[in-house]
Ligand code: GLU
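Next comes just one chain, in structure tokens: the form predicted alone.
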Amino acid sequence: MSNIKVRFAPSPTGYMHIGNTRTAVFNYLLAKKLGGKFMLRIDDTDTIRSKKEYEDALRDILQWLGISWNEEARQSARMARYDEIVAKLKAQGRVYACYETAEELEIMRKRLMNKGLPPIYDRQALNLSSADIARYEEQGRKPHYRFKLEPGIIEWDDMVRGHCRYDAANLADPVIIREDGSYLYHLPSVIDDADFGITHIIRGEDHVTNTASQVQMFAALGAPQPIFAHLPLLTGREGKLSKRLGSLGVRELRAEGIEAMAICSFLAKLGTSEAIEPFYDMDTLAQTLDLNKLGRSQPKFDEEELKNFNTHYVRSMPYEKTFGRTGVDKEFFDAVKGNLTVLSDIEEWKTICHQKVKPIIEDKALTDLAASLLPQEPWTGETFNEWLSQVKSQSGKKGKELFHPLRKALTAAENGPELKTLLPLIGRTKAYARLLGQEA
């Protein structure tokens, strides 16, 4: 195909969570791999719940993740276009008014289910006379509108699920306009996808039945049908969707120090037959995208697994990928990265190694001895062990009574990075002074 174009269409009714972040990542990677365009579409038809702060936050998160867009649109600016299309569909008999209340529809649904029948709308509204409609309007009822599905088999080849087949007789005519005149998701999304030339739609498998209805909507508009891919939904560690998973915000993960590309790498491979491994740029990750490797079962998302993966990601990170973020040179970074959990942990190492530290001396005899045995530079990778062996031998101390006083003298802290790694970074001048109890 040429002119490949995908879209990410969030509703700004809340902050980005891990589920819709995954959808954004897959769409962006597909556009990258196929050399296409990525569109950001703000689905803000819910005027009550949509808020600018949510939209601003999702834009910020997308940019932080490394996701940029070539084009953008918002549904609230396209109401006249939706009205235009609905008017045409009404004239064609594909959109019709219904006057049932929510309570009446619920009674209808329960009655059908009690009979063992699918809870499908019975289209009684198509039989209303002018007198019936006048009576309802006198009662103050306002209609909602449905899209009329044509009988027959609805089919498409899904990039994840394979061949999909639905009988329209088993589907209810979807409501497209509420009683208050506001649009639901179904038809505006199709109109937008048709108008903006969207060629591929990647979204969660909870939209599969929507897709069946929307296939007929594309046909009613005379628009080409996009290629669909429905991703299995994430589940929690306990095997079911959890409130925590549904609301797990990327803002919170970012604040905890989780790397953007660690999130993208993790989500892109979760639920596939491939190993989850670190990727340090979107272009490289995109070339590995293969939707055929996605399993049909719902992958389990474990926040702790992501955090552990982030640790692996940081410890494997090339120095060049930290440019402008750490304030240390390559030698320092390579020395300490094996001890980092998040990249910001490097601040603790910088403070200990580069700032003045007021040592805590709790065994002066031991630290004085350690200072006297401290070898001259240059030091090698074996210097620490050789020095410690001498201190241990001459002091007769070992374990905590040996390590603890040395750590508090060298770092002024109870715990922290490994002394073996720290000592060469601190350097002999600072280490010698601190062992003698001098601030350095």
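From a predicted model like this one, the values you see are computed outputs, not experimental measurements. Residue positions are given as counts along the sequence shown, with the first one as 1.
FYI, the form predicted in complex with glutamic acid (GLU) isn't displayed, but the following is about it.
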Glutamic acid (GLU) isn't shown here, but in the predicted complex which of G14, G416, P10, P424 has a heavy atom within 4.5 Å of it? P10
Only one of T367, N310, S265, S189 comes within 4.5 Å of glutamic acid (GLU) in the predicted complex by heavy atoms, so just point that one out. S189
Contact stretch among 326-334, 201-209, 122-130, 349-357 - heavy atom within 4.5 Å of glutamic acid (GLU) in the predicted complex: 201-209
4.5 Å heavy atom contact, Y185 and glutamic acid (GLU) in the predicted complex: yes
Residue-level contact is defined here as any heavy atom of the residue lying within 4.5 Å of glutamic acid (GLU) in the predicted complex; does D43 satisfy this criterion? yes
